[in-house]
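Presented as structure tokens, the chain that follows is alone, the form predicted on its own.
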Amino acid sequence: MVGSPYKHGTTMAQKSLLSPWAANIAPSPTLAVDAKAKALKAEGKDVCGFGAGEPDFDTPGFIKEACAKALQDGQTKYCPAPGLPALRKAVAEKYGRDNNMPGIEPAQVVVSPGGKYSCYLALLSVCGPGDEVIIPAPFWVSYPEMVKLTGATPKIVFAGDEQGFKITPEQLKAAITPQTKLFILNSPSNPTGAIYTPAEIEALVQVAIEADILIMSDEIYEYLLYDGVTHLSPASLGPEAAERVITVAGFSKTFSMTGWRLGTLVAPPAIAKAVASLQSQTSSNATTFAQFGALAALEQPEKAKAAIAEMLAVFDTRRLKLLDGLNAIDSVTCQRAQGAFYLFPNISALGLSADDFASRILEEKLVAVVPGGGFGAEGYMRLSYATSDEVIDKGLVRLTEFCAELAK
């Protein structure tokens, strides 16, 4: 080949166009379902969408006003890679005040372009080829893919609805090998809405301490709690826990700021420093003026609490309505979620794979759900109740009809 950059005339078709990382990554099934539902809506179809993992509320006005003021004040330039100093300080104080983690220094905080990126940087900072990462299933779809992008190997430990979608200390202990580097804990959970009790978290953390492994605690839904349950941050369980736990969270779910792309990470100093360095070479910093909105959310706690309470009251009503409706359908069973804004019903008795169920109900009934396979749980589906009461009412009617037709 004349002018070929490859030796011996090798063409691009004969070489792998994609890197091993890109070739080995799976697209997000949740985003795929949401995109397909939105495309159908754009065609004028009456779609009942239960796929999106974002609140249907607007961002609170006082947060938007702070961001707008920052724009007017010219806060449109680069800021330090780990985040605005004032915001990092406010995040550190928040963890001391709300999560019983006193003594957190601003230098241990990194503000990133989204909670998803916080998770990725956390894993990238400590994991590499030859390492194993234990991921309880059902899991958030991105965890295994992020682990693979570090060169490490995901090790899945399944916990079904018969055990409340929560792994036991015995399961964790049995999964640990000499190659285990880290364990991912997500409570409240996406996709199940399950929340580990303080005693359960203490037991899991003790296993990690004894095995000398790290924990990435994804607490993005920490304020979305129901039935009087409480949230416990693993890093609050003493010095031995604090030196092993990377806590990731953000503003997307709590304040309906999904499009703002603002995540947080709190870690032991050496890990936080590594994360900041990785961010400096990749995204540089989270959007500067958006960070002023997040700062307002932390510096005006009374307004923040009122906004969260208003959203929670609506979510709770929807949660119970959807839960009752799903459990009223023959051959469908659903656990009572106590966190986040998802339900994860078991549909295995209906005789369809989760993928077939999701595909057919979208095509035949215009109902968008996310199949459980992408969460490591075949035979289940995820429904988000971060949608309107009208969609829930209409969607339940269509779900009931579809399941009845399958039974014929």
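Counting begins at 1, following the sequence as shown. None of these values were measured; they are calculated from a predicted model.
Separately, the form predicted together with a small molecule exists; it is not shown, and the next lines address it.
- Of the heavy atoms in residue 165, none are within 4.5 Å of the small molecule in the model of the complex.
- In the model of the complex, the small molecule sits within 4.5 Å of a heavy atom belonging to residue 220.
- Proximity of residue 115 to the small molecule in the model of the complex: non-hydrogen atoms within 4.5 Å are present.
- Although the partner is absent from this view, residue 186 contacts the small molecule in the model of the complex, with a non-hydrogen atom inside 4.5 angstroms.
- Across the options 124-132, 201-209, 314-322, 137-145, residues that bring heavy atoms within 4.5 Å of the small molecule in the model of the complex belong to 137-145.
- Only one of the listed residues (279, 108, 247, 252) places a non-hydrogen atom within 4.5 angstroms of the small molecule in the model of the complex, and that residue is 252.
- Only one of 181, 155, 261, 94 comes within 4.5 Å of the small molecule in the model of the complex through a heavy atom, and that residue is 261.
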